[in-house]
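To begin, one chain is listed below as structure tokens, in the form predicted on its own.
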């Protein structure tokens, strides 16, 4: 196994909440990637396998193999392209069967199928101390993850299009209306005026565009194709209003969700009842949910 983090994990004090954090435990034989300054602070012996030539904000990244069990601070590739390269290079160079990426708060891009093959969705009291609010917020993310896949006959012509809006005609032809994105009011008006009812948005699906499409009389005939769930930057109310109107949404790259985990303890110190939280979450998602600190073996 190889492990890294898109944020900073394992430091004594969280830089955002100023609260204590658990250490990252590395087992003997594991490969890991972190920046040089944190590598020097590790509490175990390791063999350096590779040092990146490029410099990050925190220093050069080092990939090493643990020669004994110990703890350290992880800080690896922070952008999706670097993360893709890390996964490819690590699995190609070293005898690892899994590359594990520790995500970061509110960052869904590392879970994109363009980056990682599978994902574990984690949530908890840090999001809200109110179980109803917490469950509703998690349900929204879960529903975007579970959006259906784009039909194969449409997916193939679209898979290499990563920029600009496209419209799909009734006979399956891909047309370019000449709109780079749909983020500004002017761009949204262009989409409404020139695109048909089947639209592919490889970049960000904004709340403004989705709201404008929902307000159209023919909203029930609209089908939106997005690259993957991580590109949806719409508010839950807008997302569900579009679907209630009969609008459809599908994703080119559908993620493989392995599990949903919850943490009942917030950085501020309050603690939800684990069994109650797991029960409510399972009822809302209709899948198994785990508090890994409370699993009875």
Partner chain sequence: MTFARFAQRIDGLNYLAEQMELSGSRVRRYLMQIPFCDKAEVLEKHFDILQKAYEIHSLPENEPALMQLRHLFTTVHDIKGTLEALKQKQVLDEIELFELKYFASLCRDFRLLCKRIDFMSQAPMCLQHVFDWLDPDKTGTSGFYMYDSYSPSLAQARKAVLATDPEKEPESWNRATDLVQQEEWSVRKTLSEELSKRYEVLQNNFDQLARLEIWLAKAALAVKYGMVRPQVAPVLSIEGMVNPMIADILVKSKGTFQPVSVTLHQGPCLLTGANMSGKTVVLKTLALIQALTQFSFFVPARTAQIPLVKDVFLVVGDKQDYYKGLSSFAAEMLALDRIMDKIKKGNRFFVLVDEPARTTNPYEGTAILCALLAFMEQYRVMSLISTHYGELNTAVRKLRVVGFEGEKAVGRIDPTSINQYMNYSLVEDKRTSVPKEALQIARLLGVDDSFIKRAQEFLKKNNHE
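Numbering follows the first chain given and starts at 1. All of these numbers come straight from a predicted model, not from anything done at the bench.
One more form of this protein, predicted in complex with its partner chain, exists but is not displayed; see below.
K.L.:
Quick one: in the model of the complex, does every one of 43, 62 and 67 get a heavy atom within 4.5 Å of its partner chain?
P.N.:
Yes: 43, 62 and 67 each sit within 4.5 Å of its partner chain in the model of the complex.
K.L.:
Looking at 251-259, 266-274, 233-241, 48-56, which one sits within 4.5 Å of its partner chain in the model of the complex if you count heavy atoms only?
P.N.:
That would be stretch 48-56.
K.L.:
So in the model of the complex, is its partner chain close enough to residue 229 to count as touching (4.5 Å, heavy atoms)?
P.N.:
So residue 229 does not count as contacting its partner chain.
K.L.:
Whether residue 39 contacts its partner chain in the model of the complex should be assessed with a 4.5 Å heavy atom distance threshold; does it?
P.N.:
Result yes; residue 39 sits at the interface with its partner chain in the model of the complex.
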